[in-house]
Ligand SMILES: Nc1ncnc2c1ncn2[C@@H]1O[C@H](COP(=O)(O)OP(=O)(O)OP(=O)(O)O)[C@@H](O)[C@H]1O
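In the block that follows, a single chain appears as structure tokens, in the form predicted alone.
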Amino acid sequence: MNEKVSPFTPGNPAPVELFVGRVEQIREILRYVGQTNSGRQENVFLAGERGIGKSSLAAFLQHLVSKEDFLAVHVFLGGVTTLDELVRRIFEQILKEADMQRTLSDKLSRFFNKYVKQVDLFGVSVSFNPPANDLKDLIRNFPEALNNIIEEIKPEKKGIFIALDDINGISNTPEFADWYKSFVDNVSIHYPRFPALIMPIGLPEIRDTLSKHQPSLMRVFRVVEIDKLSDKEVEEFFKKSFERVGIEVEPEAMKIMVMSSSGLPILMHEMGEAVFWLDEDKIISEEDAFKGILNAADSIGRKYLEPKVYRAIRSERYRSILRKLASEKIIIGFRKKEIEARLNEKERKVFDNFLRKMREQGVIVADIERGRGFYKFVNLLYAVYIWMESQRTVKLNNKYYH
């Protein structure tokens, strides 16, 4: 049986072979990696909005830096709120990465011998679980412990690269900012040669949070920001992805997919996934792309707009306004005055609050190009989902009352 395998990975970092774009940011970060090669410790803060592709970029950088003879690790910190778990995960990921390379595995396993366990679940893996007191020592002596690792992996590796992915949770604790600043200060004073690049990754506003906790911390970071991909880069991604599974994309279909993805990797994968499973003849047509928009919008809406908007906005007046935004046709943007004219008196009283909530939830933004009083949806799929939900409500009401 020849089963279809999708090249798209909604909600997960893109495979290295399908990574596109970010050329300037990659060059910049690799420059800093080059600085660590000379023995200087570097700190890069990778910032970007949700769904912009931060994790995919980190995974790609890990791949590139590994080729430069660095021990490169990608540490996922989603849900981590304590220094104990942060440091435990860092060392565990270092050990797991080293475990893939026999000579390094032997060295580091001896180094952390009493803390390392081989866990045999679905294959052998490394687990790092030191006693609480020993873990506290590792937190306090993090520079020394990391330096010992760097010394152990010489001459096989020039240094170490650590991506700390999703520090949004841990950054809310003042202890993290103080600990990180102490780490950097300690290295600068006691370690003239410390070939390590640490790259925390988070939302842009996390920098403000860290700055409030430790005002001098932000001075240590080289900030690299990533934004939406260009239409050309999005097209390249779809072309590479579909070619990988032997599927042709017609030009008009490609235009539709590029437009609906809004340059956001998270939407690109949702759109590609939806269209992939619709295809039956190895050719993506304009009709396939339009159907894909509906399926992708439904998936995106249920994952992101349902919890953020429909469950958060429980007022029937707000929901009624939402339906009126999409009652006539799928719209990407709207003018406040035109929508206001279609609202009843009770809806008009809460319309400003409604717009504020929608902006706060990241659903709409001011459309500066069209002028004052104009708004647009952050992406087409949000608009499509809102339209779809309005149609479902109309059908449900008709069924109920008839």
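One-based numbering along the sequence shown. Given the structure is predicted, the values throughout are model-derived calculations rather than measurements.
There is also a form predicted in complex with the named molecule; it is not shown, and the following applies to it.
- Residues L18, S56 and P265 are all found to lie within 4.5 Å of the named molecule in the model of the complex, as judged by heavy atom distances.
- Of the candidates K337, R356, R31, R50, R50 is the one whose heavy atoms come within 4.5 Å of the named molecule in the model of the complex; the others do not.
- The named molecule in the model of the complex comes within 4.5 Å of a heavy atom belonging to F237.
- Residue contact with the named molecule in the model of the complex: L380 places no heavy atom within 4.5 Å of it.
- In the model of the complex, the named molecule sits within 4.5 Å of a heavy atom belonging to A14.
- Of the candidate stretches 282 to 290, 153 to 161, 266 to 274, 176 to 184, only 266 to 274 contains residues with a heavy atom within 4.5 Å of the named molecule in the model of the complex.
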